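Below, in structure tokens: the form predicted alone, a single chain.
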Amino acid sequence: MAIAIRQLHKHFVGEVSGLDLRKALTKDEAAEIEAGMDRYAVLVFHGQDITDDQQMAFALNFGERENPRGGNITKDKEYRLGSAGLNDVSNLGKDGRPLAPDSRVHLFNLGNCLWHSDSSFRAIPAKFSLLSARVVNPKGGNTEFADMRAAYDALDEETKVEIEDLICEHSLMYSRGSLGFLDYTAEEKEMFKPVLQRLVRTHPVHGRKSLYLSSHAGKVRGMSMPEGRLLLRDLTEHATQPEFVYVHKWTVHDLVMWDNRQTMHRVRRYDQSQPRDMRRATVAGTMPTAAQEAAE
């Protein structure tokens, strides 16, 4: 059966059929999916009952696995998943039960409810993310995606000129701090030091420009903190209008794949007393968006 992709949103998002992710991809199939990512930025695969190893094998068609170190707190963190190298973005502890409401890991992970781009807090940010739904929460938990290319295109020319060369500082301490999470060990503070990212980035294949925003962005170089944060807030409000947003309502065994270079996303609030088992494979990026020498 040939691969087919049906567009789901005015600007982006493709629904893929004709592919069984339990089986190895051919080179042609991998190239077709990568071309679909370049075009649609988000791809949805339904009915993919896959193992952790199969999920990672699929991801590795598109680049190397991102090293997960530096993407979460270290103190009190217990890893629930096995050796496949997936990121655990569930609300579950090592015992398979929902984390306690006052759990430090739970409180830190609530930052995923903010608009963000995966790993923008790394000097070389992530390329693709691939999220597999193993257990779906009965209430809430939709994931929303924003097309940052269409959002950039809709800006007026004056704003495009203003922001073209701006550089932002990104850190997990900015995103979590906005929710009041300020409890870090010395090791975590060192690990979460800000990195520099361009505010406007250009896609390496088709050349479209997009806004590179994230809740991890907390400062704009050359601006006072309040002035820079107001600019980032205005741009985020612009980019997350319904016009540019797709809402994914999860069903069990969905796999959604997105390009962090072209989108932002967030999970919506859900009933944390009920299990939600979501596992992410992350494909590493290959280059920084800005030189890091001047990072503080």
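Everything numeric in this text was worked out from a predicted model, so none of it was measured. All residue numbers refer to positions in the sequence shown, first residue = 1.
This next part talks about the form predicted together with a small molecule, which is not shown.
K.L.:
Within 4.5 Å of the small molecule in the model of the complex: all of N112, H265 and R276, by heavy atom?
P.N.:
All three within 4.5 Å in the model of the complex.
K.L.:
Going by heavy atoms within 4.5 Å, which of 155 to 163, 92 to 100, 204 to 212, 114 to 122 lines up against the small molecule in the model of the complex?
P.N.:
Stretch with heavy atoms near the partner: 114 to 122.
K.L.:
Can W258 be called a contact residue for the small molecule in the model of the complex at 4.5 Å between heavy atoms?
P.N.:
Looking in the model of the complex, residue contacts with the small molecule include W258, since a heavy atom lies within 4.5 Å.
K.L.:
Classify F62 as contacting or not contacting the small molecule in the model of the complex by the rule of any non-hydrogen atom within 4.5 angstroms, answering yes or no.
P.N.:
So F62 does not count as contacting the small molecule.
K.L.:
Answer with yes or no whether I73 is in contact with the small molecule in the model of the complex, where contact means some heavy atom within 4.5 Å.
P.N.:
Outside the cut-off, so no.
K.L.:
With a cut-off of 4.5 Å between heavy atoms, is A126 one of the residues that contacts the small molecule in the model of the complex?
P.N.:
Although the small molecule is absent here, A126 would stay clear of it in the model of the complex, with no heavy atoms inside 4.5 Å.
K.L.:
Could you check which residue among L131, M173, L86, L196 gets a heavy atom within 4.5 Å of the small molecule in the model of the complex?
P.N.:
By the 4.5 Å heavy-atom cutoff, the listed residue in contact is L131.
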